[in-house]
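To begin, one chain is listed below as structure tokens, in the form predicted alone.
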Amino acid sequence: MAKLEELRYRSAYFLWVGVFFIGVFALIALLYGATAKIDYVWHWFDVPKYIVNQERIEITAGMGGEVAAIEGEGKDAVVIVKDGDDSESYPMAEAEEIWVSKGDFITPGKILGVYHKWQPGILLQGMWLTLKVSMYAIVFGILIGMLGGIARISKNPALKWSAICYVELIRGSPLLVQIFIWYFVLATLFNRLLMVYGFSEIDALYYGVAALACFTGAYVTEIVRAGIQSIHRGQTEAARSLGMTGPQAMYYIILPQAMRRILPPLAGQFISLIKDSSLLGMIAIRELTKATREAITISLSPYEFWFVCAILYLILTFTLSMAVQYMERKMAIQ
């Protein structure tokens, strides 16, 4: 009887696996059929150079004069330029070609040699900036959320009411509006004050990080509050009966247990943060979405680049999701 049940289960399992793959292939076929019906020429060969490309680097002369000598060969070659008593040496270690010969008269800015170097393309640069901004915002968002969550359940009315006002104010307004306030209002005020006292201005990138961190911190505050309150009150009472202070009980007993429960919603919030970082393009920060728009403007190939943009965002969010799941398993084992 047990073998029959197992056989039925396996048959049903493989049946629904087949249904899943049929659905996937049907979706791909539908997408392919829809794109085939429109008058559009695909240019996928344009995409790679916007991810990584070989940039031509020119070695130029800083002074005019005569090429007095070319010493050495290959990677050891050095071009020596003289102008009267002055001379300059230009190492050609990376040069693939040397464009001058001994005795040539050159002017400042003359190309002495060229070489090619692999560089990240505009999409990869945008992806890296998206990752950088998101990681900064996640770290500061966690700090704000942990402090806010503890303040949210505090018996001190000043702390509790401040946390409530912060959460309701941030959650009650769109993120784009908050980014504009940080960039056009707060950034203008702060930078003018810094200039008055002789300091350099703060880059727009950091105001974007601040906007994302404050926005995320409000949601993390509620997640932390719910996680702490989900731990039975008896845990706190038992810790206090052992002689622990309130902060000690929170740090050693309550928070470690609450962390296991708040990791899944935190992962969802951080994944949303990575996607929300696309709004920073509105304040001239070249994150992934803005980089994609610039690539489309140059190449005039919108379909290909929006597909690539979506895939790159998927790589970021899927990696973060896998990392959080790994942390969940590690914490469950402990």
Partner chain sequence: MIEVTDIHKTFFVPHKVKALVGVSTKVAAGEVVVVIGPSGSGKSTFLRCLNHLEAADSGHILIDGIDILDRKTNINKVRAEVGMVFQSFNLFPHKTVLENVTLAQKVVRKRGKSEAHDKAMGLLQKVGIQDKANAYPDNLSGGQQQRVAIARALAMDPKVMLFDEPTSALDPEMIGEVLDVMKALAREGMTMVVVTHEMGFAREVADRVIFMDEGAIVEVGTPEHFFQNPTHDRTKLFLSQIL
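Note that this is a predicted model, so its numbers are computed, not measured. Positions refer to the first chain, counted from 1.
Beyond the structure shown, there is the form predicted in complex with the partner chain, which is absent from this document and is the topic of what follows.
Check: Given that the partner chain is left out here, which of K75, R233, R192, K117 has a heavy atom within 4.5 Å of it in the predicted complex?
Finding: Of the listed residues, the single hit is R233.
Check: in the predicted complex, which of the listed residues (R240, R171, K160, K82) lies with a heavy atom within 4.5 Å of the partner chain?
Finding: Checking each option against the partner chain in the predicted complex, the one that comes within 4.5 Å is R240.
Check: So which of 246-254, 140-148, 91-99, 216-224 is the stretch with heavy atoms within 4.5 Å of the partner chain in the predicted complex?
Finding: Within 4.5 Å of the partner lies stretch 246-254.
Check: For K132, is any heavy atom within 4.5 Å of the partner chain in the predicted complex, or not?
Finding: K132: no contact with the partner chain in the predicted complex.
Item checked: Sequence-ordered list of residues in 175-201 near the partner chain in the predicted complex, where near means a heavy atom within 4.5 Å -> Heavy-atom contacts within 4.5 Å come from no residue here.
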